[in-house]
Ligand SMILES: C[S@@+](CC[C@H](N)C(=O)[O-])C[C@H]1O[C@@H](n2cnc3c(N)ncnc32)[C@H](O)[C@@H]1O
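One chain is shown next in structure tokens, namely the form predicted alone.
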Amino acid sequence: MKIFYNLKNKIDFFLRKKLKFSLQNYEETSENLSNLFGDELKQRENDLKKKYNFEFMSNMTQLNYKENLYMLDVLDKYFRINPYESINVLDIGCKNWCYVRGQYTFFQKYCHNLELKGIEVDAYRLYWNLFSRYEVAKFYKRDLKNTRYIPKDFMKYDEKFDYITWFLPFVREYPHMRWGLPLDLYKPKEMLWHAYFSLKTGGKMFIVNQSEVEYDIQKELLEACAIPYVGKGEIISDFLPHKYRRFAIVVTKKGSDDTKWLE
């Protein structure tokens, strides 16, 4: 059965990449973003508004606003970064990059010049409305300076980054195949190594796993690669509750580089 599903995934994936079919100019209608939350969450929303520039968190649907608030909330709570003159950030496996504005808002606070990239191996997967992830991502990142969506296999992409974010990496074979990807792309250990060596000296990576089982597997992979990490445990944001619990890990590339600090 696995052989059959893998063959099907290989054919489907090949056709998606070859045809790159999609309707063009995806758009969403903006909705009222006020009074979405109760008192406690409203206070947290206001705290984030005071701390970060919300210039890029407007003109969106209520769901997309919650997705981006979730991203900003999680990064603010669990990922400590240093202020630099320039920051180069990569998000691995960004799918349609629906949360890009939350990421942009977070990282922009800590630098004068931000370059933010998202990479997705299955960028031409179609939604029911016949728009691809690639087309949807173009809409979500609109008007954000120095952002780039890269439809490419991360294992074939070489660049050094100050920070990497990686949400829900495939660390088990079954979910990888259920998402329609061929097994020749299932390389959790190799991808982890490549991500680690894509960090600049002193750079950091924020990994989020779905379920405690995958969190434990992720830690085993890091230990097998002798990559230093700090387990953050379960991460929680009530802006967008998920069915399955999520857990975070922070990896720091060995060494330090103090030449980029802002004065």
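Note that the structure is a prediction, hence the values are computed from the model and not measured. Start at 1 and count along the sequence shown; that's the residue number.
Another form, the form predicted in complex with the ligand, is not on view; read the next lines as being about it.
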**Request:** Answer yes or no: in the predicted complex, does the ligand come within 4.5 Å of a heavy atom in every one of Lys204, Ile227 and Val251?
**Result:** no
**Request:** Taking 4.5 Å between heavy atoms as the contact cutoff, choose which of Val136, Met191, Ile164, Cys111 touches the ligand in the predicted complex.
**Result:** Met191
**Message:** Counting any non-hydrogen atom inside 4.5 Å, which residue from Ile87, Met177, Val121, Leu144 sits next to the ligand in the predicted complex?
**Reply:** Val121
**Asked** Might Asp153 be said to contact the ligand in the predicted complex, defining contact as any heavy atom within 4.5 Å?
**Response** yes
**Prompt:** With the partner left out of view, is Leu168 within 4.5 angstroms of the ligand in the predicted complex by any non-hydrogen atom?
**Reply:** yes
**Asked** Heavy atoms within 4.5 Å of the ligand in the predicted complex: does Tyr104 have any?
**Response** no
**Message:** Taking the ligand as it sits in the predicted complex, is Tyr140 in contact with it (heavy atom to heavy atom, 4.5 Å or less)?
**Reply:** no
**Message:** Just to make sure I understand: among 96 to 117, which residues lie within 4.5 Å of the ligand in the predicted complex, judging by heavy atoms?
**Reply:** Tyr99
